[in-house]
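Both blocks below hold the same protein chain, though in two forms, and each is given as structure tokens: structure 1 and structure 2.
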Structure 1
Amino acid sequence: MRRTFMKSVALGALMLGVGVSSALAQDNFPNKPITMILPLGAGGSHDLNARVLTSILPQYLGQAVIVKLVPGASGQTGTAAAASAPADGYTLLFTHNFYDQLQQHVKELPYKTTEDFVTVARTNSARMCAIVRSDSQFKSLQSLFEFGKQNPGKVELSHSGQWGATMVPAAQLFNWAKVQVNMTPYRGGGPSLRALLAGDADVTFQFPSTILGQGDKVRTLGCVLDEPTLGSPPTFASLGYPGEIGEMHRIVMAPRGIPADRLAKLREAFVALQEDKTYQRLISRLGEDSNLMSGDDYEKVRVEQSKDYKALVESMTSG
């Protein structure tokens, strides 16, 4: 009797499992809103990009995509939240290459980005610029360098977080100029920009999307590349900087283990987004490009980034 009963239970469980599996395969993903976690604060360039992405993506996914800002601990708070989410496609992470592949060479993290996340898409990339308030005494990058050399530690620099997208290139530039600055981390590019505008910092690094929104409140001293939307201020190379300064890749990731069909559907939505004329118009208005890279291609880039960042960290911390 007991054996018959257990057999019935086992058969029932098997049928239930088949039913659940069948339901997952036929659930017409997504059938509820998707959450996109940003490990950064409000008002930064990632926040602005996310607002554009999530205004168009629902057309291609059939569901809303909700932005959730989770700043803190230089991106670790939000990244950890995404890493611990179910790998079902309903939680995504909108991050960048410095959090994804550089931080692991600096400190122990509560997650392993390469093992915990897979790329959905690299939506675009951006190059940074050094800015000051428009009423600043510094009219050029050279004048800022000269003041810094004569007054070590007196230049206050706000950045988006330790070993983040603005801290690393800023450190590279000022190290090259042999200028000692006081670098203060904030919870993202938006808070670091507000610190500049409030007079708590002399200089910060931002991307065209956030600089354009400040109008005549700020002056751009120099950029990584020529930025016509900002009036083509001098490039760092034209001022004599000899090396390359990191490019920020904006990447959408999903917890690794997401079902292949759901990952494919998300990736297809970003490809369709790239061709959307409204998206192109809105992203261009931000001063951003739209050079999509597929998830598969960006997975190969991550491997090379990790090697390069390891060498960079060793060079910047070797004394």
Structure 2
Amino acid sequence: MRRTFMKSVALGALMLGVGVSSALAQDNFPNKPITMILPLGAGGSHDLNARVLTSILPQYLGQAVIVKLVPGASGQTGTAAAASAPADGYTLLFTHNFYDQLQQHVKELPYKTTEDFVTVARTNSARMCAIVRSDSQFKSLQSLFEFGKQNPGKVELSHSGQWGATMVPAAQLFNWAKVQVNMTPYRGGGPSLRALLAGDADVTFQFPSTILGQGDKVRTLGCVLDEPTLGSPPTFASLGYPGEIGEMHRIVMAPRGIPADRLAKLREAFVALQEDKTYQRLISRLGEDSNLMSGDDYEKVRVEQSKDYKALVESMTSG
């Protein structure tokens, strides 16, 4: 009895396999596992996002997606590896906008991200908020700006690393407000938050999910978008800041030159993934949202980003 049960299970699995492979036989892509390169290290938020993505994606692609961590040189090692991979759709790059569009204005790179990569999907984004300690003299961003204008260099800002996810929005915001702040880099968001709590820093930028855990120890002065979970603090746009600021986009890229039908197939899979209930549940467990942006739409965002970042870097480095 038990043996027949096992047999029927095996048979069912086999038939399922045949069914999937015959459905895919039409264009035959993908017929082997896809590698997703992360230019980042183990255990970071991209890694955890990738683990969730790759546990659900096979349902929509019919093939396994393997995470390959290639960290080093602020993402350059992994990005270079993906740039030199064949444009056949079997190698993808899971990165973010600061590596994708900002870095080229700061460093000499052995690849050209815009020419070398095309967007498959923006899987989600993480949005920054500016926070101070709850006993801080600054009750609003305006009061912080005013103090900073009268006392150049006096406001101490902690961030998660040079040209990284919390440094760039901070630089964009204070640059726009013409406030000169003293910026100190820390190794990641955790240590930069410690600096704020310990009184080493006056202001820092964090993700809403982190701020939520701090309870009444910190005050949120402003966020890039409306954050109802934090009591809807003012958005940067409501202060008059023009353009995009403070979002870290998690993006899946493919080497440019990938056949159009394969790119379309990959893009479809990510759209379908977004509707998947298990995916939504897992990603929310990470404290992330699942606001997909299609590859086509994100291509337009990249162009704008590049201009903004170029202007930012020029104004920061010219003096």
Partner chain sequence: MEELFGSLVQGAGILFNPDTFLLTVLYMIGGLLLGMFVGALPGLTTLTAMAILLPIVFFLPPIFGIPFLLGIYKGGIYGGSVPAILVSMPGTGAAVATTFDGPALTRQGKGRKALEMALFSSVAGDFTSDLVTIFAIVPIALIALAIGPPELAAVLFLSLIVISATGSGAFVKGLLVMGIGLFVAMIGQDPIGALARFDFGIFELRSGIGLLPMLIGLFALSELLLSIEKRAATYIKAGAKALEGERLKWSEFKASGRTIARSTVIGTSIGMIPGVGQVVAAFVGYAAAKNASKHPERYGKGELDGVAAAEAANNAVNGPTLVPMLTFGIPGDNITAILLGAFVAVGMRPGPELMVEQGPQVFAILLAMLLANVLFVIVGYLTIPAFARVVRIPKSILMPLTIMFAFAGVFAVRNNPTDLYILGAFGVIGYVLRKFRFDVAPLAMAFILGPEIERAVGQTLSLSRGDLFGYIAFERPITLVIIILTPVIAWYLWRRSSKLQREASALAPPE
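For clarity, a rigid core is taken as the largest C-alpha set superposing within 1.5 Å between two forms. For numbering, take structure 1's sequence and count from 1. Predicted, not measured: the structure shown is a model, and the values here were computed from it.
Visitor: If I had to pick the form predicted together with the partner chain out of these two, would it be 1 or 2?
Guide: Comparing the pair, one sees that structure 2 is the form predicted together with the partner chain and the remaining one is not.
Visitor: At a 2 Å cut-off on C-alpha positions, does S209 qualify as shifted between the two structures after fitting the rigid core?
Guide: It does, since the S209 C-alpha is displaced 2 Å or more between the two structures after the core fit.
Visitor: With both forms fit on the core, is the shift of the CA atom of Y111 between the two structures 2 Å or larger?
Guide: Shift of 2 Å or more: no.
Visitor: If we fit on the core, is the Cα of P71 displaced 2 Å or more between the two structures?
Guide: No; P71 is a residue whose C-alpha shifts by less than 2 Å between the two structures when the cores are overlaid.
Visitor: With the core fitted, just quote the Cα shift at P169 between the two structures, in angstrom to one decimal.
Guide: P169 C-alpha displacement between the two structures, core-aligned: 4.4 Å.
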